[in-house]
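We begin with a single chain expressed as structure tokens, specifically the form predicted on its own.
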Amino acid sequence: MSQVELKELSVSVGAKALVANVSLAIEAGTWCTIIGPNGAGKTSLVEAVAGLRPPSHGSVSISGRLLSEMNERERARTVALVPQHPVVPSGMTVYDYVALGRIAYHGLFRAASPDDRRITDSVLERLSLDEFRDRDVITLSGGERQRMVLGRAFAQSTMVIVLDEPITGLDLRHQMELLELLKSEVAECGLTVVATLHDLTLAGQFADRLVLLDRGEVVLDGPAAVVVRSDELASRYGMNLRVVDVDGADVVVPVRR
């Protein structure tokens, strides 16, 4: 059984279709990245997978359960989201922010249990955030803050995590550190990742599978190495692309006309 399954999923705003009749089955312990030009519907698709945007047609299931049949607390125990522009309130410590991921288990009005605190401590250690645990969240650098947001998602202890452009605004080193961290979670913990990325080179290097979306429809779906070398990719982006092998890794280079 697939970990994440989309059946004829459509998402609309008024008369405008943002996602149109998308069906995908994503296996457990794999990384699937949604790519495509601006306006392709990538964010709308992953928000539907995370349960933030209700489908206008079709369904999303995780581990065989329909998201539409879960309440908010059940969804938070099933799938975690790292949004492109997370709200990070000032006056909160890094520890308290990461611990928000445990609310799905103890509720808003009950204190965290010893198990909740143990999980939060473990996440801080895994993400090298322990030294910042008492810092105000607004004092962190961009890379540190993004790790903290990822930590909140990890604290939810879900087997599916959805990320919308998680490396936006990060320098190259922090981009690679964040993606390598996620890749290790996929390999070591069986985490299932559904992400969007603009950087085609990094999308191809880290994902097991790429889904090319355009105008809300899936136009190409396959192994990352196949998709990045397809003629369809350049056509949908409306530009010349060249793929160069650098030490066994595909690097996608835009070429001026």
Partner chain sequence: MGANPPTRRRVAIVAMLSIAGLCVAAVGGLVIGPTSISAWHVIGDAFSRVGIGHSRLSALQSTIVWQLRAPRMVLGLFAGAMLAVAGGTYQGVFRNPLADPYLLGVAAGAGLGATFAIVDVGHGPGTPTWTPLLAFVGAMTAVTVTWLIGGRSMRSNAATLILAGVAVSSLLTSAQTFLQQQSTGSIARVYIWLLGSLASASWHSVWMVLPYVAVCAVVCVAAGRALDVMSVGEDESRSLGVPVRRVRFVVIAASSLGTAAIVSAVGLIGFVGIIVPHIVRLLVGTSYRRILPISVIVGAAFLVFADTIARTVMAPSELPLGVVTALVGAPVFVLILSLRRPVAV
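In this text the structure is predicted, and so the values were computed from the model without any measurement. Positions refer to the first chain, counted from 1.
Keep in mind that the form predicted in complex with the partner chain is not shown, yet the notes after this line are about it.
Asker: Do L81 and the partner chain share at least one heavy atom pair within 4.5 Å in the predicted complex?
Answerer: Looking in the predicted complex, residue contacts with the partner chain include L81, since a heavy atom lies within 4.5 Å.
Asker: I'd like to know if D136 sits close to the partner chain in the predicted complex, meaning any non-hydrogen atom pair within 4.5 angstroms.
Answerer: Although the partner chain is absent here, D136 would touch it in the predicted complex, with heavy atoms inside 4.5 Å.
Asker: Quick check on H106: any heavy atom within 4.5 Å of the partner chain in the predicted complex?
Answerer: It does: once the partner chain is placed as it appears in the predicted complex, H106 has a heavy atom within 4.5 Å of it.
Asker: At 4.5 Å between heavy atoms, is R145 in contact with the partner chain in the predicted complex?
Answerer: Output for R145 is no: heavy atoms all beyond 4.5 Å of the partner chain.
Asker: Please determine, with the chain shown alone, which of 120-128, 170-178, 183-191, 97-105 has non-hydrogen atoms within 4.5 Å of the partner chain in the predicted complex.
Answerer: Of the options, only 97-105 has residues within 4.5 Å of the partner.
Asker: Using a 4.5 Å heavy atom cut-off, are L52, R75 and R152 all in contact with the partner chain in the predicted complex?
Answerer: Yes, the whole candidate spot contacts the partner chain.
Asker: Can you tell me which residues in 236-255 come within 4.5 angstroms of the partner chain in the predicted complex, by heavy atoms?
Answerer: Nothing in the stretch sits within 4.5 Å of the partner.
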